[in-house]
Every structure is written in structure tokens, then in C-alpha cells.
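Take a look at this one chain, the form predicted on its own, written out in C-alpha cells.
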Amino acid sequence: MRSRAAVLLAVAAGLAVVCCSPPPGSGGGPAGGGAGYGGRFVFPLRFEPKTLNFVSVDEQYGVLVLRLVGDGLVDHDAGLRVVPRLARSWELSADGRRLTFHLRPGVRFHDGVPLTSADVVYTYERVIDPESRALTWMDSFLPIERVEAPDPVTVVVTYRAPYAPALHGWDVPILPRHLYEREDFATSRFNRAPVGTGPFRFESWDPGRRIVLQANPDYWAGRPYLDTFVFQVIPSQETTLQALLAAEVDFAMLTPVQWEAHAGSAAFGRRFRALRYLPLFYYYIAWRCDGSNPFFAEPAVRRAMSLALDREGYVSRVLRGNGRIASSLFHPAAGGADPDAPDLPYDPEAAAALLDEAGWRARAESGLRERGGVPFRFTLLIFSGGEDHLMFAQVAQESLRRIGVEVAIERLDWPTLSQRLRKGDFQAALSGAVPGVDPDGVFAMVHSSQIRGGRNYAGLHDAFVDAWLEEGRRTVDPGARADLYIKIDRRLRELQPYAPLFFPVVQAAFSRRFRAVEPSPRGILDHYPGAARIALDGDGA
């Protein structure tokens, strides 16, 4: 009999003992009337991944590719619930510290070598190795004391203390130890030609153009319906729409202008189905607040910046209302936000008053604020490949100009922007966050341990936030844990290391030649079974 504490931890982390069959629709016949096997689905990528190494990948589009090639022990379905993948079942010890996975028997990597628990241990070792730079997965594995493989189909994970979100981290795709241990991990050829256990096998990578995957006929859950899955690199959203209309891609996210121009058209509707959903993503501005620049070391100044940003106007005018204002670093789908906290309004008068109190006063002749002879003039870094990034940066630039703050916009490609963020080499930066499916996901953005080499780009170091985040990881009672994250949310609203901006509503279209394209807060591919379920539709146009 498990203790009450263990049961509560299981509820909090989704760690109930499970034993499940393969996901419905991923094998054993067509996915509904008229659907069948075969076909090629082309999905556009805004930019090309730097690597296809399962643990070193740190870009959203690289993760999308690898979800199809590799399997984690668990995954999340379209409703963000934990579901089995390589683990057929698991259980938690009475003290809440030991998680035991039982692997599916008979699973093989794409080269025919059997998957064993040793591959899971090897994957864990690579994630915690600093040389791997496994930022996507590292946070979830830091609380682990050890991972053991008592036999080929059993993995025992021991945590230093009860860790409420433990299960979520085990969606990392499992590496083939037998291939990587023969080569240098950082430069291995398998970083560009991955071998996994997933529903699709890697076929080719034409740099700058496309990545091609082929169906895995021996997949443990049954062959996926599609023969081929292609990731086509198309940086421009306008070019992506033209490719959709020309039947060169089968899915496209549409800008608000594109949506208004096409979604209501009968001709468009005969060829494409429309999707709308709120993604597990939001935009923010990081204020570098570690004292490395003279502007954002004080919470009052950062709050003034947030109050001066016309987010409501941007969502209304630029997004045509297709977005939601964000006042918290906690996403609605993951939980954690204080439900009673008011939204941070657009209030330039209050922003100006805060700057006056902080000593940043406007000069009569120019209107530009200064303090101690230093003009309030800073540079905002943005991603050069995002039209939405540029548009909001220009809105922010104008909003801040009205209160006497001058902003220069610097556009960078993603690798350069990512490097500058990690080094803390910036004054302010506009970017986006994929916060994860548990409120602990904010740990990476605000815990002081994540300043160097992690994702605490703002450089926040707050003893209260650190302590509450650590306690939230150990807390087994769901109610007490929720109360902790509300305290964290309130504190972050006071400190404003980041200005949360908005959640953009995704509006997309896909070809009627396919069915079972299911949206989730993580998109149409980054959930399970996802692409393994997409099939030709015999009733499609």
C-alpha cells in the first residue's frame, strides 16, 4: 500500500501506476472511415535546426523533427496528459523518491538493435553532461540522484527528494548508446542523421531545403499511416502561404491578414481545413536586471517599461484580436498563475511617474529622460526572421518614445540571438517562451542557478523566488503546491524581470487530402500520437 504522500505526489505529477496498450489509431487499421495508408505530408519550418541530436537540440523546430524519429519513455497527448511511449508502465515508491519504469519488450532502433534500459541510462548521462548543452531537458534531470538499469527492461530513477514534475522530463527521446559511444558525442554523424525508435526513420537532410523522414514499418505501435514526412525550410510566412496554395506544402500557419483574406473563401474552404488554438507559447521582453547596464536593475523601472507597452493595441490592431494579453510567466495551459491578480494595464502616465520617482527625468529641450547625465537610450534585440517580432518591437519603440525613452532595434539571426541571450550580452531582448506542461517550467527562466548557461536570460537572482521554486519541486500536496506557485507569480509580477506580452492565437490551414490533424497547445506534431495518426482522407478534395 502506498502512503498518502506518495499518492498525492502521483496526482500532482501524473505519476499514477499505468499499463497501457499502444495509442489508439497508431496502428491496426485506418484512422476512421475513408482514411488509408500512404501519401506524403509536407510541413514548413521557419528555420533549419542546428542539430538533430536528441538531447542537444534546443530549438522548437528541431524538437518537432525528433518527436517523429525518437521515442521518450512517456509523452503528452493533445490534452497535455502524460501517456506511455517506450515505458509500458511505471510506479512510484512510498517515499516519493524512486520512480521505476518498465520498458516495452521487443522495441528496436531503426538499425535493428534492441532498445534496453542501458540506452535510457546513457541518455540520462548525456543530458547531465555540461558538454552536451542539453538545455531542453537539463532542468528536469538536475534533481535526480542516480539512474540504474537492474535488468534490460527496467529503469530505476532515484531523486534526491520528492520531485513533483518528475514524469514530464522523461519525454526526452532515447539515444542509441551503441552508435554514439563509438564517436565523439558533439561531432557524431548521427547528429545530422539520427537513429531512434520512433514512427518515422530519418531518410535525408538537404541543408537549407528539407529534411525527409520515411515510415517505420516495424514501429512497436504499428506502422504510421503516412509513407513520407517532409520538413520543408521556408523562412517567410508569405512564401509558406503561396506554397500551400500551390500544393507544395500541406500545412501553414497564417498571419491575421492572411487569415482574413483566405479563411472565409469558399474556394479556400474546399481545399483546406482551418484550425485555431492557443499554443503553449508566449512573447516576452527580457530586461537584463543584473546590474550590467544602468537601466533595468530596479524593479520600479522594469515595471514602468511594462506599463508603457501598448500590448492591447498590438493585439487589437496588428493581430486583429487573435491573441490574449499575458500578465504572467505562467501559461494558462500549465497552471501556476494567481487567478485573482489583475492584468497589468497599458498606463503610460503611471509608467512616467515611476520613472520620475526613480530619478529618470525628461529633459525639457528633447523630452529624452536621463539620470546622472546618462540618457535613457537602450537597444532591443529581436529575431530577424520573425515579422511579428519586428512589428511588436516597433510598437514598443513608439510606446516608449512617448514617455521619453529611446529604443534602437537590432535584428539578429536565431543562432546569434540565442548566443547573446545565454551570455547575458544585451540590455533588453524580445523573444518567446515554450513554458512546458507544468508550472515548474518557469524554473528555467527565473531561478538563479539558470543565469549562466541556462535560460534565466534576465539574470534575476531573488532569494524568495529561488526558495519557493525549490519548495514547489518537493511539495507533494497539490493544493500546497498550487499556493506556492501563486506566491511565485505574485513576486514575479512585482519584480518584472520579464514583461510578458501576449499569447498569439495560432490560425492555420491544412490540406483536405489528410485527416486526423489534431491541434493541441503544443501544435499538431509535438504531442502523441501526432504525426503517426495523420492519414490520407478518402473523402478529401
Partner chain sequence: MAPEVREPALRAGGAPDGHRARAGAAAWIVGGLAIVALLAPVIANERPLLARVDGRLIAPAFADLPILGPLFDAPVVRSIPWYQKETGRAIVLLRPPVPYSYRGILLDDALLPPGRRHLLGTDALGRDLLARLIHGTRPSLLIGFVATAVSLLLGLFLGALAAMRGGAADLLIVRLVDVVACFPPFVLALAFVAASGHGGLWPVAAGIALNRWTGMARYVRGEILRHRRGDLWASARATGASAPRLVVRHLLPLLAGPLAVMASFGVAHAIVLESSLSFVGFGVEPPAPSWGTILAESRATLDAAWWPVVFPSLGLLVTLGALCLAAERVGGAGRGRQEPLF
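Note that the structure is predicted; figures quoted are calculated from it, not measured. Numbering follows the first chain given and starts at 1.
The form predicted together with its partner chain is left out here; the points below concern that form.
Put simply, of 154, 236, 89, 214 only one has a heavy atom within 4.5 Å of its partner chain in the predicted complex, and it is 236.
Among the residues 424, 332, 367, 375, the one placing a heavy atom within 4.5 Å of its partner chain in the predicted complex is 367. Only one of 97-105, 412-420, 332-340, 70-78 places residue heavy atoms within 4.5 angstroms of its partner chain in the predicted complex, namely 412-420. The three residues 257, 261 and 402 all sit with a heavy atom within 4.5 Å of its partner chain in the predicted complex. The closest non-hydrogen atom of residue 397 lies within 4.5 Å of its partner chain in the predicted complex. Contact annotation for residue 179: none of its heavy atoms lies within 4.5 Å of its partner chain in the predicted complex. When its partner chain is considered in the predicted complex, residue 310 lines it closely, a heavy atom lying within 4.5 Å. Within 4.5 Å of any heavy atom of its partner chain in the predicted complex lies no heavy atom of residue 357.
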